[in-house]
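Given next, in structure tokens, is a single chain: the form predicted on its own.
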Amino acid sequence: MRYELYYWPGIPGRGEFVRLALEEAGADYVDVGNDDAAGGVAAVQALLDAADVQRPPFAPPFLKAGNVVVAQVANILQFLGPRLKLVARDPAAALWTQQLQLTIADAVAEAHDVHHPVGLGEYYEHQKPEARRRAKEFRGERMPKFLGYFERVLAANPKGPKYLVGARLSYADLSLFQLIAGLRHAFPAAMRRLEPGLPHCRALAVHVSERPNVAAYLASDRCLPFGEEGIFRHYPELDD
């Protein structure tokens, strides 16, 4: 199976959570938006606009696997998990993995809304006062709550704190790694204050980054850097 990942080019964004799973598994895939030979951004938009798709996606990222089109990060990872051996076979453990992934999705959405608290279609510069107020709450209340939760989940894992679920890596571990990386980029000062109290989260991030396939991906030009157009944006005034 060759997978086709559709996402906007030039930014890691939400597509990165899917890329990490595909890269860790060594899956055969094409990153359509970043591959002009595969159609690039025009192909992403064309599938969005296609009138003959029976179950059309609302927005990227979405994944095409043969005739199947799957959208929404958590949904894509739930689809890929068994196929890439990134989720337990036990139904209860698989459900728990998806629950954790959905919580990560909540954290990602809140991180994005820090710099766009009023309108998604408005420039950041037009909502700076509201963003500063939102950032203060996010840094002081929401980041500690989300990351503290994942720290507790790791500590409570009966198989040990290396992974979120059981004794093997899951797609939720890869996504928590990306959440931590994004928050380190967007809120470096806040993360420096929080991370001493998050030893298990820090250890998970190191472990994921050192897995051979992930490490090779992170060192490659396929891995897109954070910038000021994606979810995790560093504005110094929001991290004071």
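Note that this is a predicted model, so its numbers are computed, not measured. Counting begins at 1, following the sequence as shown.
There is another form of this protein, the form predicted in complex with another copy of the chain, and it is not shown here; the text below is about that form.
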property	result
Another copy of the chain contact in the predicted complex: residue 126, any heavy atom under 4.5 Å	yes
Interface membership of residue 57, another copy of the chain in the predicted complex, 4.5 Å heavy atom rule	yes
Residue 153: touches another copy of the chain in the predicted complex, heavy atom cutoff 4.5 angstroms	yes
Contact of residue 84 with another copy of the chain in the predicted complex (heavy atom, 4.5 Å)	no
Among 33-41, 189-197, 204-212, 57-65, the region lying within 4.5 Å of another copy of the chain in the predicted complex by heavy atom distance	57-65
Stretch 85-114: residues contacting another copy of the chain in the predicted complex, 4.5 Å heavy atom cut-off	92, 93, 95, 96, 98, 99, 102, 103, 106, 110, 113
